[in-house]
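Coming up is one lone chain in structure tokens, specifically the form predicted alone.
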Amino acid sequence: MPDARIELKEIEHALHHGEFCFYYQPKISFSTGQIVGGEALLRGIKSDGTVVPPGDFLPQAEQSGFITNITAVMLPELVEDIEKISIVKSDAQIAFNISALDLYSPYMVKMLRSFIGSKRINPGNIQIEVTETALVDNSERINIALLDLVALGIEIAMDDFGTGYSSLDLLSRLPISTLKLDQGVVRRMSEDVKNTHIVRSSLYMARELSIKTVAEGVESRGTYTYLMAAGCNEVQGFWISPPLPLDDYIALCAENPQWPGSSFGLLYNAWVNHISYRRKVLDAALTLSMTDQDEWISLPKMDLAHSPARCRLGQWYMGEISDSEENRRQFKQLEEPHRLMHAAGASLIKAIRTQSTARNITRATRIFLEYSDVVDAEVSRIVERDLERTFDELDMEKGKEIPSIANLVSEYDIE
């Protein structure tokens, strides 16, 4: 098959004659099932209306360095598009892909600072996506550019997460607030369980680091539903919609369509985060107890944030629920034992650090675990309620009876 990529001079001609534009692929919140933004994807449009895919011109633009010219010309076009989108959906967040060369150039940050300073767009309206390969250089200039963008209030997303070798190192030293799971890994979940493990592990790690997750390349309802249950935050892909011309994207936003949505995955992950805190406390207690005090300074750093507000479960019931009075009442019942559990965790670690007696440490451990059990039981009831509500909705949608949990236990001899 002949190489379809076009020559640099043709790219230059297209750019300077207005033959590039953005298509927009909608992004959906798994929690609400509604559009929360989109990704701006560059397309070439020939005079006869033929759409030129990015694979035909971006590699050459990257290799030649002309990509910075494209960004300089198209970023103002993007801002104009966002202004039009904001008329219909003021809180839409549009992701924009940039290259390492863009981060070396001072103009991109300056332009964005100007657009935000003049209030043409809000910083929350735009998100910068950077691939892992663009970040592996570890250049001080790139780090400064990313920090400058964050200082403007712009989120940084790592695109194609799961395809490279340096992802974990990059997450540890760069201001990344969003991970985009690579579409190839997402698609291969239906072919190989290893890819499913990679996706679940990535979601778990992101949750531990308080990083938002976006899955791309979702092409079936089954994959969509699995990612929703696994606690992914947002999703895009052809099952939802292909990339759309601006007018079509705006029309879709205006329709306010509804895809499947459920907070169950996020609730369950908040519970897992609570269990993770319990394990961290016990790990720290054992590590400190079995290590001489003068060696504590050299121990691995342990993330022991004892405040309930730092726990995903605490964040959930403090601010992420508002759909019904019943929900607020149930989570209110959870608040006190959850607060006491975190206080007990702090007391246990303090007892060990202050060289308390073995009896006091044992007592502090028992109190911590007792409160933890109370929280687990309360969350388990909330999870069961959410599952039953989901099954009821499916029952109404499909017009068929779904067995109750009690009947399932009887039918399958579950003990």
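The numbering used is simple: start at 1 and walk along the sequence shown. Predicted model only: the values in this text are computed from it and were never measured.
Another form, the form predicted together with a small molecule, is not on view; read the next lines as being about it.
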Could you spot which one of I382, L58, V375, I352 gets a heavy atom to within 4.5 Å of the small molecule in the predicted bound form? L58
In the predicted bound form, the residue from G265, P243, G314, P337 with a non-hydrogen atom within 4.5 Å of the small molecule is P243
With the partner left out here, if you bring back the small molecule in the predicted bound form, are I67, N97 and V218 all within 4.5 Å of it by some heavy atom? yes
Of 35-43, 366-374, 342-350, 382-390, which is the one stretch near the small molecule in the predicted bound form, taking non-hydrogen atoms within 4.5 angstroms as near? 35-43
The small molecule contact in the predicted bound form: Q93, any heavy atom under 4.5 Å: no
My question is simply whether P308 lines the interface with the small molecule in the predicted bound form - judged by any non-hydrogen atom within 4.5 Å. no
Non-hydrogen atom contact Q183 with the small molecule in the predicted bound form at 4.5 angstroms: yes
At the 4.5 Å heavy atom threshold, is F238 in contact with the small molecule in the predicted bound form? yes
